[in-house]
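Just the one chain here, laid out as structure tokens, in the form predicted on its own.
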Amino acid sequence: MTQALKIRRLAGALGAEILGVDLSQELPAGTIAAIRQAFVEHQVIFFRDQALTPAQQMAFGARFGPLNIHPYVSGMADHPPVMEVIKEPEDRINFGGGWHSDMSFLERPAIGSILYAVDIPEFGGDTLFASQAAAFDALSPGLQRTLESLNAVHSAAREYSAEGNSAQKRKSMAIAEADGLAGEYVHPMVLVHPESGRKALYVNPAFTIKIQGWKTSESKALLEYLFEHCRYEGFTCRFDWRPGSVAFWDNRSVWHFALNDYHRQRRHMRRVTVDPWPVGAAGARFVEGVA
């Protein structure tokens, strides 16, 4: 039996908490459709008081699309799509500690990420989210038209290099350096969301390296302007984690930033990432709104 969702908005630009849903259960198709609708509308949705095994988290994520296996971060041995994001008390640098959109460095980037809180520090460790749809809406019509005509080059090479933040060694995470193997992929600088039709900026400081057809020096000024604009406080919401909390965000229109303000404490999260369905695959219309 499909249940009506109880939804509480958290901020003006994006973010909503969904109440009274047990994600460990095999939810009816109608409930999944309602969750997907809330995901598209609010861009990031949150659930509290969940108790998920890795297999249950995978099962929930798979209702929205194929699950990604990260090319540089090892998943759990018995559940490869589940990435354990752990900062031990002795680790200095956290994973995800900068504004970014997950997996934009792939040829077909992920549509969403689902993060589950296992072990939370006594204080700190919140995650910030920023709506890139709101960021696009706030630009002048002239700049919007200019950006709609441009593409940008994305790559993991910088972030997963030996000096990159993501590739830094952490006690409880196995992370490989890109070591010259990362490709470069071109994506529009403005994405039209396939379900909502809303336009969003699609560049991010971690993985966008230049504007296609422009010199790196020419790209730098415009990209730095956009990066500063895109993290304006009015486009953001902030989530305070508790054990059992879940966040599900839309990588097509949302940046996120994991705060590193809980030194000498442990933080343990589990993430699954949802890829787009292959073109023409069964389920593609349901998940991506493809006509």
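Owing to the predicted nature of the structure, the values given are computational and were not obtained by experimental measurement. Note that residue numbering begins at 1 and tracks the sequence as displayed.
There is another form of this protein, the form predicted together with ligand SIN, and it is not shown here; the text below is about that form.
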Worksheet item: Should Ala135 be counted as a contact of ligand SIN in the model of the complex, where contact means heavy atoms within 4.5 Å?
Response: no
Worksheet entry | Interface membership of Leu115, ligand SIN in the model of the complex, 4.5 Å heavy atom rule | yes
Discussion item. Please tell me whether any heavy atom belonging to Gly96 falls inside 4.5 Å of a heavy atom of ligand SIN, as the geometry stands in the model of the complex.
Written reply: yes
Discussion item. Whether Ala16 contacts ligand SIN in the model of the complex should be assessed with a 4.5 Å heavy atom distance threshold; does it?
Written reply: no
Item to complete: Sort through His100, Arg158, His187, Lys199 and report the residue having a heavy atom within 4.5 Å of ligand SIN in the model of the complex.
Response: His100
Item to complete: Answer with one of Val40, Leu226, Ala258, Val246: the residue that has a non-hydrogen atom within 4.5 Å of ligand SIN in the model of the complex.
Response: Ala258
Discussion item. Within 4.5 angstroms, counting heavy atoms, which one of the listed stretches 43-51, 218-226, 29-37, 262-270 is next to ligand SIN in the model of the complex?
Written reply: 262-270
